[in-house]
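Given as structure tokens, the chain that follows is alone and in the form predicted alone.
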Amino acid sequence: MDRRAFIALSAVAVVGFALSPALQPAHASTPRLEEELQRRLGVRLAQIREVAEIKITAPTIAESGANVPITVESDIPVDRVEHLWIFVDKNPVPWVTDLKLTPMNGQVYLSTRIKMGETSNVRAIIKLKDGSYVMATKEVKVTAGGCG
């Protein structure tokens, strides 16, 4: 192999590595998230249906990942809901919190502050009493990480 061919192949390899994250589908989940979902919920991400009845309120851009305010609320009647989980896809440990709900809660609502290590999807997953899972997803861009 001559010098020109080596330089050309090297350039192609560098461009390929640089573009590879951009070529992944937006719904691609990290292996850590899949492992955490299997461990805590017993289901895969593909088995969870995204619905409009769950709303996540969070900043589009968080200046610091150390303190990101989020609110999760749902129009689903609380007597149909069993459990609520919050996951952050790219955190070292994706599971953030979970909450068991009863009709005494009055409605599906959770407001808290979370830590995020980097720009990632925040997922609110609800288990319904019929055994099905539904979720909402919101991407939060983090300018300074907080989980490092």
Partner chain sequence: MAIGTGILRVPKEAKKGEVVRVQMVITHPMSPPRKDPATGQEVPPHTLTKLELFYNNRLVSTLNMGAGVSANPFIAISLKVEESGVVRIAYEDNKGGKWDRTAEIKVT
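Since the model is a prediction, treat every value here as computed from it, not as a measurement. Residue numbers count along the first chain shown, from 1.
What comes next is about the form predicted together with the partner chain, which does not appear here.
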Review point. According to a 4.5 angstroms non-hydrogen atom cut-off, is Gln38 in contact with the partner chain in the predicted complex?
Key: no
Exercise for review: Look up in the predicted complex whether Gly42 has a non-hydrogen atom within 4.5 angstroms of the partner chain, and give yes or no.
Suggested key: no
Exercise for review: Tell me, yes or no, whether Pro59 is in contact with the partner chain in the predicted complex, where a contact means a heavy atom of each within 4.5 Å.
Suggested key: no
Review point. Taking the shortest heavy atom distance, is Asp98 within 4.5 Å of the partner chain in the predicted complex?
Key: yes
Revision key, fill the gap. Note: exactly one of Lys90, Lys55, Arg80, Lys115 sits with a heavy atom within 4.5 Å of the partner chain in the predicted complex, namely Lys115
Study note, to complete from the structure: When the partner chain is considered in the predicted complex, the residues of 101-140 having a heavy atom within 4.5 Å of it are Leu101, Thr102, Met104, Asn105, Gly106, Gln107, Tyr109, Leu110, Ser111, Thr112, Arg113, Ile114, Lys115
